[in-house]
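In the block that follows, a single chain appears as structure tokens, in the form predicted on its own.
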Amino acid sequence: MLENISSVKVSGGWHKQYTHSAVSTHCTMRFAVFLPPGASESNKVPVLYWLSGLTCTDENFMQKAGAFKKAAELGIAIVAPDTSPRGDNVPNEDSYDFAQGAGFYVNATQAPYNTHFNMYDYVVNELPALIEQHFPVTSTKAISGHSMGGHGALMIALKNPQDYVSASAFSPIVNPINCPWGVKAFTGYLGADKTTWAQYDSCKLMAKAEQSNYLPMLVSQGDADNFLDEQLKPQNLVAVAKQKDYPLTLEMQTGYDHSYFFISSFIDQHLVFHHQYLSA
């Protein structure tokens, strides 16, 4: 059952927050939705799902990205889930990059995280079904995200190409099995057997992709990002894309960092990119 906890008009549409009891994560989850002006049961609109990064919630993108004006113009709904399960009964660590706030969009197999940390199932299955049932949207959807959420967006699109028309990311973790953030998260959620990690690694997934399932992808990366060389490594994904002739565009942006100043500078470009496929 959905509970509306906030509602505010913006750019002619509505930004709303909801909570609900989630089956996949066995806890109360919160998400935000932007409905553009004119969205109704007789005029359903496509959806862009946005996945946020480490330490974030549904609020970071909605409050800082400045996406509403262009989304309203293009007639795109935006849905932003939280980055992890939360609550007193949900396991947590005194660490910004693991447990609450850092779900990494996987299905955990290791106790005590495997009961609640099933963000992959939540984002891929439960949340879209809920959105399509309760809001004036079509089943046509794209996916995007930032940092850990960029990892989630690209990985989920590569694993489920039939479900999305396009994917994009800002500063994504493209090769988590080969960076400190990913190794820590995957070890904790999936265990020490690294053969199980590849199913959530965009580089590994793209290497196995069949051409009939290719999706258009756009990645924006700032060259002044402090995490660029150690954690993000976009060149690893570009190398796979070149080998596979995968339709990936990487745009390196001079002087930009890892923050929402960067995202807000190029979010319109990403919305226009998705619109051409959402409206096809």
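Because the structure is predicted, anything quoted here is derived from the model rather than measured. Residue indices: 1-based, along the sequence shown.
If you look for the form predicted in complex with a further copy of the same chain, you will not find it shown, but the lines that follow are about it.
At least one heavy atom of residue 69 is located within 4.5 Å of a further copy of the same chain in the model of the complex. Contact annotation: residue 63 falls within 4.5 Å of a further copy of the same chain in the model of the complex, judged by heavy atom distances. Interface membership of residue 23, defined by any non-hydrogen atom within 4.5 Å of a further copy of the same chain in the model of the complex, is ruled out. Although the partner is absent here, residue 254 is a contact residue: one of its heavy atoms lies within 4.5 angstroms of a further copy of the same chain in the model of the complex.
If you check a further copy of the same chain in the model of the complex, you find a heavy atom from every one of 12, 261 and 265 within 4.5 Å.
Just one listed stretch, out of 40 to 48, 239 to 247, 225 to 233, 55 to 63, contacts a further copy of the same chain in the model of the complex at the 4.5 Å heavy atom level, and that stretch is 55 to 63. Scanning 83 to 121 for heavy atoms within 4.5 Å of a further copy of the same chain in the model of the complex gives no residues at all.
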